[in-house]
Each structure stands twice: as structure tokens, then as C-alpha cells.
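Below you'll find only one chain, the form predicted on its own, shown as C-alpha cells.
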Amino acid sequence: MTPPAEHIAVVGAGAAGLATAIFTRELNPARTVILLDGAARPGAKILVSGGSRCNVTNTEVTADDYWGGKRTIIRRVLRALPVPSTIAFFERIGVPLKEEGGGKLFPRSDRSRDVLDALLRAADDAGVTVSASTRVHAVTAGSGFTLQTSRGPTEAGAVVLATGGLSLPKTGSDGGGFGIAQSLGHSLVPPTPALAPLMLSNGFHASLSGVAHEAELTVWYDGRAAERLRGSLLWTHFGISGPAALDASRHVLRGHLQGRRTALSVSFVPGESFDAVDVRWTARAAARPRTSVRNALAEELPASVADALVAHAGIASATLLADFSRTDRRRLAHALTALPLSVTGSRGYDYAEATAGGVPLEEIDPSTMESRKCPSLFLVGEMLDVDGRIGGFNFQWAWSSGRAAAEGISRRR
């Protein structure tokens, strides 16, 4: 019978937990690995990710694609399983990947179910014991660990916390792992939703629901630009969504949490300054005086956006460029480059794809993911104060941190 010291308990069967369990058994075939999850069917978040297609990773992943903890620590963790090794791993378990826009890598089948099924098969092949419908209520440390579960207590020599954050609670993420980590000596960076749609109150979005275009969002803290995020912006009935808005959400919400004077603005001409836009419209008026301002604007933006911008700037839609006053032109240039958006909040964890905040990275050893507060405790994935931008980066963090933890466990005796 395997002594408890050789038992490895992985709590949470999401992406990070499955990766940790698989790699741990492959590197430590003499040890037993049990994967505990409160859901009857593990991996629900994998199934709903990427529009049920699962954006597994990205062709290029660096520490600069993440926020939260120190990038030097993030960089070390990512080295444990770089992108080429991730692609090879999924190929090995029967999920070849294909590239789409922005370097996003999806399963060739376009089915997240295939990703989850392959991971569960790989866990079974590696000899991982998956215990579904087993919720872990508490973990206490002594000579080993005792886990109080919905099926009774169990002993382990090492514990991996992979319970995720608070995003998409319908998939089973309720932040319970944060409380367990705190009970074992860890602190917590207060969490907020990340990659969440934002709600607006200023009405500009009201007539634009369903319209998408390239844009640049700027997050302002105390009057200074803190982040500039470029990508597709989707206007909705409640506000904004799409990659640019989702990436901006964590910065807006963190700013509010930290008590900063936080603001958000949008540029409809990414990369162009106010002066450049003003000069361009001056030249356009000289070259095409009989064209209306609205029609000229609709040549570079969706017609509904052109209508909304002209109305916002207080310009009559029939105004010709020949009659475009300097005051109106500059008002339009301001709207094009820095239109203020009044954010009232986000759609919350129910719609967030990730969680910002968590256990500080300084409290783990990045080469092993082992806790600096509690020996033989390991933390991976969304448990930690790391969140990536949209595009497969959060999944890559799950695979890499899982691999790092497995290597750490294999080195620990």
C-alpha cells in the first residue's frame, strides 16, 4: 500500500489541475496522484472557453502578455513549458492545433470537447485517479496534509491547489481555493473580474449594438495614461465588449479597487494623434469640399459609428467639408482620438473569462511553484496573481505552471 507521504492530491480539475496531474504522474510514476473536483463533470470552463472552441495557446507568449505579478517571475514559470512544447504535448495526446488571427491556436476540430476529452484520457493513461463530485472544504498541514472533503478526510504528502479564481461561477469556480491558501499562511491580492465586458452610462453606445471595428482604448489613472490597448471593439446594448474592452477591463476594475481616479477613452483612429487627425481633415476639406463630413467619416468607420460621432460632436450630418469650421473640425478630432467612455462597472464574474488578483507570486518558488509559506504545498494557474490578455495566454499559464509544479514535485523528497 502506498504510504500517505507518496500521495499527491491535486485540488481542482480545470486546465491547470489536469496539466499538473498528468505531468506529475508522468514524471513520478511511483507516486499516486488523485485529482479532486467538486463538479460531477470536471473541466466545464474548458468546454465554454473560446466560444466552445478553446483557444489553447498562442504562437508567441512572453511575460509581457500578462499582468499582476512580477514579470521576471512570470518569465521563469513560462520557461517550464514554452509554446513549442505545449503544441507538442497536445499533438501527443491527439489534439493537433491550427493558427488563426492574432496567433491564436485552436484545436483543428474547433471543438473544446476534444481538448477536455484528450486531457481526461491523458490523465487516465498516466494513472491519475480522478475523483469527481468531491469538494475539498479544508486542508490542514502537519507531518503531511489532511484534506477534509465531501467524501470524508484523505491524507497526502503534497497538495496542489488548482481551484481557479472566481470567473464563470457556473462552471464551479467560487474562489474556495483562496480561503484554503490563506488558512495555510498565504496572503491574497484582492480579486476582481478580468476579461469582462464593460457597462457604460453615457449613451454613445445605444445605437451601435452589434457594431465592431478596430480601436484603441486608454485607461487613465489620476489623469495619466496607464494602459493603451488596441484591438477589435464590439459595441453592445449595455456598453462594450470585444478583445480591446476585455483586455481593458482588468485595468479599469483594478483602478476602482485601488481608489484611483480611473477613466477610459476610445480612439477610433489607433496610433494617430489629435494633431495628425486635425491636419488630415484639413487636407481632406481642401481636396474634397463637396463631400459631407458624415460621408467622409463613413469611408473609414462603420456608417452607424460615423452617425454617432457626428451627432456627438454637434455637427449637422449634411455639413459639407467646405463649410467645416475649425471649431467643429477640432471637436471631431477630439472625439476621434479620445472619446470619453463613462464606465459604471463590468458584467461581473458571470461573464469574466479570468480573475485578476490571487496569491502573490512572491509567495511561491517560480522554479517549482512550491509555497514559500507551507512546504509541500503547490499553487498553479488562476490561484495566483497573474492574468493574461485575451488570445490563449491564460491557458498557456495553466499548462506552464502545471508543468513547473510537476517538476517541483518530482524534485522534492
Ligand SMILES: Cc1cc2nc3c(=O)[nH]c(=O)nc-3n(C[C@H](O)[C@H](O)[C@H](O)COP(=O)(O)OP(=O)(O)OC[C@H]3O[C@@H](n4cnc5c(N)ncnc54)[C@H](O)[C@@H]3O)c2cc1C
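What you see is a predicted model, and the numbers here were worked out from it, not measured in a lab. Note that residue numbering follows the sequence shown and begins at 1.
The protein also exists as the form predicted together with this ligand; that form is not presented, and the subsequent description refers to it.
Peer 1: Please pick, from Leu379, Val33, Cys54, Ala356, the one residue with any non-hydrogen atom lying within 4.5 angstroms of this ligand in the predicted bound form.
Peer 2: Of Leu379, Val33, Cys54, Ala356, the residue with a heavy atom within 4.5 Å of this ligand in the predicted bound form is Cys54.
Peer 1: Is Arg135 a contact residue for this ligand in the predicted bound form, using a 4.5 Å heavy atom cut-off?
Peer 2: Contact with this ligand, yes.
Peer 1: Report yes if any heavy atom of Ala16 sits within 4.5 Å of a heavy atom of this ligand in the predicted bound form; otherwise report no.
Peer 2: Heavy-atom contact with this ligand at 4.5 Å: present for Ala16.
Peer 1: Give a yes/no on whether Gly12 approaches this ligand to within 4.5 Å in the predicted bound form, heavy atoms considered.
Peer 2: Although this ligand is absent here, Gly12 would touch it in the predicted bound form, with heavy atoms inside 4.5 Å.
Peer 1: Can you work out whether Asp37 and this ligand are in contact in the predicted bound form, taking contact to mean some heavy atom pair no more than 4.5 Å apart?
Peer 2: It does: once this ligand is placed as it appears in the predicted bound form, Asp37 has a heavy atom within 4.5 Å of it.
Peer 1: Pick the stretch from 340-348, 359-367, 41-49, 23-31 whose residues have a heavy atom within 4.5 Å of this ligand in the predicted bound form.
Peer 2: Flagged stretch: 41-49.
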